[in-house]
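Here you get one chain, nothing else, as C-alpha cells; it is the form predicted alone.
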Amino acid sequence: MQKLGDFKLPQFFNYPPFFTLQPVKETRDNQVKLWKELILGYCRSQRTFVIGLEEDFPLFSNPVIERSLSHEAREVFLSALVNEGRAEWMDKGHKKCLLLWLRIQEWADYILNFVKENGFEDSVMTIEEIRSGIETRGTELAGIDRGLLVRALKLLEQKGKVAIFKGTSTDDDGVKFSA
C-alpha cells in the first residue's frame, strides 16, 4: 500500500483514470465522492487547513503513475466540498480553500468538550494557547487555523458559553470559558 508520509493512500490512488475528470455522470459522481473523502481524510491526518488551488498539494499528483489533476479537476473536487459545507473558498477568485473536516458548529462543540474534559470552565486562555499550547497538544485543536478557531469561538460567544476579549496584540486575544 502506498503512503504519503504516515497517511495510507487508497488503492484507487494508483488508478490513472482517477486523475482525469470522468465524462459519464455516474462515474464522475463516484469519482467526486472518492476525492472528497480522500481530501478530507488526508487534510485531517496531516493537520492541513488550507489548500491553494495553484500550489503543489501532495494528493493532486501521483509520481508513481505519472499523473496529476488538471486545474479544472482540482476546482471541481474542492467546489464539491464547498457545496457540501466541508470547505470554503477564502477568496473571490477561488485560489485558496479552507477545509472543514469539522464544520464550525462541530468545532464549537469540540472546544466545549475539551474545556469540560480538562477542567477549564471559568478559566481564561489566549487564542494562541488554544492553538499551540501544551494543553491542546495531541488534540484536534493543536495547530487549528486561527480564523477557523475565532469563528467557532464567536459562535460559542453568541450562545453565552465564552467571552472573547481583545489583547494588546492578536497573540494576546483571550477567551474566558463559562461553566
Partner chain sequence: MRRRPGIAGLQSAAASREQYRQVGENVARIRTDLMKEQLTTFRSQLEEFARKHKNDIRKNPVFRSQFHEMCSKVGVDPLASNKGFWAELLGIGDFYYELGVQIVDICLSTRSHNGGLINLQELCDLLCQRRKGARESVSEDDCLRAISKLKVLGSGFEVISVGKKKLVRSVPTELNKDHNEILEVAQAHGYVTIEELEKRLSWSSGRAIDALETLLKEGLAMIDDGHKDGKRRYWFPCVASIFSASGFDGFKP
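What you are looking at is a predicted structure, and each value in this text was computed from that prediction instead of being measured. Numbering follows the first chain given and starts at 1.
There is another form of the same protein, the form predicted in complex with its partner chain; it is not shown, and what comes next is about it.
Residue (of Leu21, Ala163, Leu155, Leu9) lying close to its partner chain in the predicted bound form, criterion heavy atoms within 4.5 Å: Of the listed residues, the single hit is Leu21.
Contact assignment for its partner chain in the predicted bound form, among Thr27, Ser123, Ser70, Asn113, heavy atom within 4.5 Å: Comparing distances to its partner chain in the predicted bound form, the residue within 4.5 Å is Thr27.
Region of this chain that lies against its partner chain in the predicted bound form, out of 40-48, 141-149, 60-68, 124-132 [heavy atom, 4.5 Å]: Of the stretches listed, the one contacting the partner is 60-68.
Contact flag, Leu34 vs its partner chain in the predicted bound form, heavy atom cut 4.5 Å: Close contact exists here: in the predicted bound form, Leu34 approaches its partner chain to within 4.5 Å, heavy atoms only.
Partner contact for Pro17 in the predicted bound form: its partner chain, 4.5 angstroms, heavy atom: Pro17: contacts its partner chain in the predicted bound form.
Heavy atom within 4.5 Å of its partner chain in the predicted bound form - qualifying residues of 122-160: If the 4.5 Å heavy-atom criterion is applied to its partner chain in the predicted bound form, 122-160 yields nothing.
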